[in-house]
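Here's a solo chain for you in structure tokens, the form predicted on its own.
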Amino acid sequence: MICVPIVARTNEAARADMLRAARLADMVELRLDYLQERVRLDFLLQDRPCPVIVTNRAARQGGLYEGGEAERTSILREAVQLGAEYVDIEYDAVGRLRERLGTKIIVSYHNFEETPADLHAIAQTLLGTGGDIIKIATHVTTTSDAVRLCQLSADLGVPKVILGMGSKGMPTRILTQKFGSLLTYAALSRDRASAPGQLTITDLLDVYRFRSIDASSAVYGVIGNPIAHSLSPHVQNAAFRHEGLNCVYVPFEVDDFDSFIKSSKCLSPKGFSVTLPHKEAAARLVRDVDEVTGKIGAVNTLKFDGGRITGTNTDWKAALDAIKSAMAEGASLAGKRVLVLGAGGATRAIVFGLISSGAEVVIANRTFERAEALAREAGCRAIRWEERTEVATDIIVNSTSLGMSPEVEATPFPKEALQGGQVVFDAVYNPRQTRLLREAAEMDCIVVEGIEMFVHQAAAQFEFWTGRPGPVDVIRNAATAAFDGVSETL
């Protein structure tokens, strides 16, 4: 179930938000501690549009109520008398609710500092209070904490709500139904969250398909840091929906890759996308990879099949597919003269992919030594940055960060050196139309947006996991729809 917290400042606004939330949510939580006027419970609960949890959270447990305990809990007793479906009260104050009538009591524990090691002991303490439902919400400092919370939820055969707060706790909010929690909390809008890391209800429903998640749903996800604005959940969940697969794709903000992989076993993951800064660590995890991935030394896709973990790098093939999309049908990259700008991790994948296709590659980088080292390893040529306009090329590939938001007026290649008919591919896709691409179009070049590489690598990951061709058009449409305000580093 989905519960939307109502955090309005007035009774009238709270009532209006309840009506809005009830269109999508299963219930609402009336956060009385947010009200800045006298609470009118009779007004709020009369003819309510859906079941209600009444909460008056004390400041010591992360709420806003700073008055006396007697007054605070008396409001909760009034909610019981008025027939509220649920009342949420802290475990050390539950004794003040003597009359419960038909109201179910949620006994809660909040920790905004950490996720303690003794989670099972805390759960036993809450169970000992005699409440109907136990709730544990803790701050997640590592994604392994989030996995422990999921495991706790799976272990407890009692009515419970187990959630992790903060950006690293997001998986617990998405996977509640898989691991047996009664509900998750989702904000009515981004400015109405009642706890850190809370998703909006539209994201929970539209991006993560919350209503379709159950105990048998297969878990996939993206591992990286930062990860909060990743486009990957938008596109992979859209692909799973299109193909009718009972799968969910979740963001995992991970600092320690090896620790997370070990702790993730309780999730029974089927596959992970791997982004910065963990691609090299992922390559060390798997042994058998294709020749190009082995040369790149970085893995961006992991697949779990029982105890066997396999991996690949879809970045290089995606870059080649993006470039080929601008060429004549059936055209080959063999013999094409390609200038690659940059020498970082993404460049490495692109260079080895181009070399494997028979292209003649020249690398230019602002730090010549890095270009020289990559060229030596790949078996191609490096030139100094200031020489990049002097090379005859059929294709120009930018894999530097020049032109990326917010430095949108930067460009890695001067307009006057561009020549009509060249293919210009910019791996930067925030913004989609970089200055390089705008100026290339003005010079009658054939331009390829960076989002095409993202689309093709996501499709290749989908196929690697499922054995089905990735639905490219579905992925492209989902990426385009989600693009405003969302970006990810490949």
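Everything quoted here is computed from the prediction, not taken from an experiment. Don't overthink the numbering: it's just position in the shown sequence, from 1.
This protein has a second form, the form predicted in complex with a small molecule, left out of what is shown; the following refers to that one.
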Option from 340-348, 233-241, 327-335, 71-79 whose residues, in the predicted complex, bring a heavy atom within 4.5 Å of the small molecule: 340-348
field: Sole residue of 273, 399, 143, 313 within 4.5 Å of the small molecule in the predicted complex, by heavy atom
entry: 399
task: Check each of 289, 187, 105, 404 and return the one that places a heavy atom within 4.5 angstroms of the small molecule in the predicted complex.
output: 404
- prompt: Within 4.5 Å of the small molecule in the predicted complex, do we find a heavy atom from each of 91, 151 and 179?
  reply: no
query: Hey, in the predicted complex, does residue 367 get a heavy atom within 4.5 angstroms of the small molecule?
result: yes
- prompt: Is residue 429 a contact residue for the small molecule in the predicted complex, using a 4.5 Å heavy atom cut-off?
  reply: yes
- prompt: Is there a non-hydrogen atom of residue 454 within 4.5 angstroms of a non-hydrogen atom of the small molecule in the predicted complex?
  reply: yes
Heavy atom of residue 112 within 4.5 Å of the small molecule in the predicted complex: no
